[in-house]
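Shown here is one chain on its own, the form predicted alone, set out as structure tokens.
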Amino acid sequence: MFDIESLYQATGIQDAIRALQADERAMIISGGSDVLIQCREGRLAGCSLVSIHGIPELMGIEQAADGTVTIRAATSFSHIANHEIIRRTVPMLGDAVDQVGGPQIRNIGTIGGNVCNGVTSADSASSLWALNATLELHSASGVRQVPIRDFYTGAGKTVRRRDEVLVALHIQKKDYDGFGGCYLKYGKRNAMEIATLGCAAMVRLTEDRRHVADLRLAYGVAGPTPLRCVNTEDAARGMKTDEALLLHVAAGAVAEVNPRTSWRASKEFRLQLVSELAKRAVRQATLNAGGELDV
């Protein structure tokens, strides 16, 4: 049973904002794959829900003239994974969201909900960090753009205010053009599994295809929030694409993360995963960028 005080279907973004302001206990629901579970478990007992499901201005993917890719917050995982713009520009993100749950979850779950939950295990989170995504939030006070690196404040916590609606995520051309990417997820099962660790790597090569021009390495479940290994990234620029690069990113990543022990895995095992997935993801990202590896 679901202990819900009320459910209001918003007709648009501004209508949703008004409904949230009118009831201090109200919260947003879209696909419901996370919110309804929390309702059933009693963690949101008696809550009022404002549904943004089916609002046209919150759905869809588009690419602007300057190359910026915009993903509306209520777009489902399955739609993202199969969309031509995503496959052409940021295929790593499509691969990441295609690993969320099973087909039923991917058909109803939305990228906005995945991000707004604030959980470090979200499959989209580390990829969006590697892509320097910007989040567009609307409220009665106006619109603000929040870089994803500033969005998460702690485990399950974000800067989004209760009466704000995440409308879209934006990825600029400079953050994907020329990059090869790879997202790897480790879980105890091959499907329908929450990540024990997630790793997203992006590599852009120099003109000779033998050195790193830019490298990004992001993780989920390697700390209380998703994170980037910025020191490792900085040191990797200019390195030759060989075994030394893979050893560098593996050692550097281990030094920058802070995983915890949980019932899914010990801290020590997660550190081993951090090292191994760094090597595998960077290797594949390099190949996807059109390079080779001297190993």
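Just so it is clear, the model here is predicted, and its values are computed rather than measured. Heads up: residue numbers just count along the shown sequence, starting at 1.
The next section is about a form of this same protein that is not shown, the form predicted together with a small molecule.
Participant: Give a yes or no on whether each residue among E233, L245 and Q284 has a heavy atom within 4.5 Å of the small molecule in the model of the complex.
Facilitator: No, because E233, L245 and Q284 lack any heavy atom that approaches the small molecule to within 4.5 Å in the model of the complex.
Participant: Of Q99, S78, T225, N132, which residue is found within 4.5 angstroms of the small molecule in the model of the complex when only non-hydrogen atoms are counted?
Facilitator: After the contact test, the surviving option is Q99.
Participant: The small molecule isn't shown here, but in the model of the complex which of M59, A250, V35, A265 has a heavy atom within 4.5 Å of it?
Facilitator: None of the others qualify; the residue that does is V35.
Participant: Can you tell me if G113 lies within 4.5 angstroms of the small molecule in the model of the complex, counting non-hydrogen atoms only?
Facilitator: Yes, G113 lies within 4.5 Å of the small molecule in the model of the complex.
Participant: Is C229 close to the small molecule in the model of the complex, meaning a heavy atom pair under 4.5 Å apart or at it?
Facilitator: Heavy-atom contact with the small molecule at 4.5 Å: absent for C229.
Participant: Would K185 count as a contact of the small molecule in the model of the complex, using a 4.5 angstroms cut-off between non-hydrogen atoms?
Facilitator: Taking the distances in the model of the complex, the answer for K185 is yes, it comes within 4.5 Å of the small molecule.
Participant: Would you check, heavy atoms only and a 4.5 Å threshold, whether D214 touches the small molecule in the model of the complex?
Facilitator: No - in the model of the complex, heavy atoms of D214 and the small molecule never come within 4.5 Å of each other.
Participant: Tell me the stretch among 158-166, 82-90, 204-212, 217-225 that has any heavy atom within 4.5 angstroms of the small molecule in the model of the complex.
Facilitator: That would be stretch 158-166.
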